[in-house]
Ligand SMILES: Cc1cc2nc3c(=O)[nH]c(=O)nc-3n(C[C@H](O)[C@H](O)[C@H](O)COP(=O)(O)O)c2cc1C
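For reference, the chain that follows is the form predicted on its own, supplied as structure tokens.
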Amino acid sequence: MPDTIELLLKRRSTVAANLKDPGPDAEQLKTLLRIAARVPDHGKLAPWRFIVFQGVARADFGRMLADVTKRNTPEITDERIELEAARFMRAPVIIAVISSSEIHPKIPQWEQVLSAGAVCQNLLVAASAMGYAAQWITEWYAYDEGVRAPLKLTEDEKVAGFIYIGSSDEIPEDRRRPNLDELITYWSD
């Protein structure tokens, strides 16, 4: 128990550009996804799904991102095209968490969206517990209409995040945290 508390107190994202091989192997990836799915899920709807990018699929997706960027920005520079093409090469494994909320008579969509956010957080914590570094990113391609079709998103689906997972020699510096005294109130009537 103290190790879990310590992990949660110190967990910090590592910038995707600082990630490298090795990433999780097939068995570890399966475990990460099992852990990710163990979140609050009112009604057991599983209002999320995963898209895993690894190996050559990362470069293929990057080429698609470069093509979408060219269509969106005709005056684009060669450097920007290269950046987009290499974007998914920043980590050995990237997991897209897709929020798949639906209209339901008893379960508000907001609760379903929050469940997808919890999936992303579980992935970050589990990767850290396995000794990997990770970062939850959305960036422009999570919202771009030209990326929706290649991701095979339905009309109601949204990208909750891309979780980049790999190794890092860097120990990320902690960022400034909010003053909890300013955020906590105690209700009384």
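Residue indices: 1-based, along the sequence shown. Just so we're clear, the structure is a prediction, and the values are computed from it rather than from any experiment.
A second form of this protein, the form predicted in complex with the named molecule, is not displayed here; the remarks below concern that form.
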Among 57-65, 138-146, 42-50, 24-32, which stretch has residues with heavy atoms no more than 4.5 Å from the named molecule in the model of the complex? 138-146
Can R11 be called a contact residue for the named molecule in the model of the complex at 4.5 Å between heavy atoms? yes
Determine whether any heavy atom of L123 comes within 4.5 Å of a heavy atom of the named molecule in the model of the complex, and answer yes or no. no
I'd like to know whether A36 contacts the named molecule in the model of the complex, with contact meaning heavy atoms within 4.5 angstroms. no
Heavy atom contacts to the named molecule in the model of the complex at 4.5 Å, residues of 166-189 in sequence order: R175, R177
